[in-house]
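One chain comes next, on its own, written as structure tokens: the form predicted on its own.
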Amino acid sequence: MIKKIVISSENVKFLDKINELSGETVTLCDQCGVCSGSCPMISEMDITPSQMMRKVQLGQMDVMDSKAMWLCASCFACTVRCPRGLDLSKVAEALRQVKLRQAIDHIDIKKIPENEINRLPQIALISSFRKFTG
């Protein structure tokens, strides 16, 4: 069964926003899959980096529900190997920014036990708060 894809002005606005925030031209991605083959986090992702790029290219906002953008380690393995010179970590960061601007908290800071906060590295806490809180 072939899935029909309809591109609306809303889809184009989403693509334009990601292009603007990331500084990348997502439509340059030719879906070669090198990024997915290079990614050390792919086993944890629900969609591959190339699928993430395709969803953004098509303006499919359901990519925002994927955990792939949160798991990007920004290791630049995909960027180094991309034949088009695209930086997928910037695209993942742009997706995170759009999601975070919706101000939906996934972590309640007040529910973290004080002994846990004292035990964890502060930089890890700040990074997590930036990713998972609005």
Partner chain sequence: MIKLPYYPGCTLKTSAKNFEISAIESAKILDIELIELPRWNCCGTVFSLTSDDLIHHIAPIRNLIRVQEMNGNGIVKDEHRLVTLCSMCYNTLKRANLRVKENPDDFKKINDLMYLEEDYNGNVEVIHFLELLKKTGFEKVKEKVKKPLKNLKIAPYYGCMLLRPKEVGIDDPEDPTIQAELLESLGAEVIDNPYKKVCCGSYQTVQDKYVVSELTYDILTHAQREGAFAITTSCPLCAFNLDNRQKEVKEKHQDFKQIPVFYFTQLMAIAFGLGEKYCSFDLNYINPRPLLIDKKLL
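Keep in mind that this is a model prediction, so the values were computed, not measured. Throughout, rigid core stands for the largest set of C-alpha atoms superposing within 1.5 Å between the two forms. Residue numbers count along the first chain shown, from 1.
Just so it is clear, the following notes concern the form predicted together with its partner chain, a form of the same protein that is not shown.
The candidate spot formed by C32, S36 and M61 is out of contact with its partner chain in the model of the complex: none of the three has a heavy atom within 4.5 Å.
Proximity of S50 to its partner chain in the model of the complex falls outside the 4.5 Å heavy atom cutoff. By the criterion of a heavy atom within 4.5 Å, R81 is counted among the residues contacting its partner chain in the model of the complex. At a distance threshold of 4.5 angstroms between non-hydrogen atoms, L100 is out of contact with its partner chain in the model of the complex. In the model of the complex, its partner chain sits within 4.5 Å of a heavy atom belonging to Q122. The partner is not shown here, but in the model of the complex the stretch 36-74 reaches within 4.5 angstroms of its partner chain through a heavy atom at P40, M41, E44, W70, L71, C72, A73, S74. With a cut-off of 2 Å and the rigid core superposed, L125 has a Cα displacement that reaches or exceeds the cut-off between the shown form and the other one.
Core-superposed comparison between the shown form and the other one: the CA of E20 stays below a 2 Å shift.
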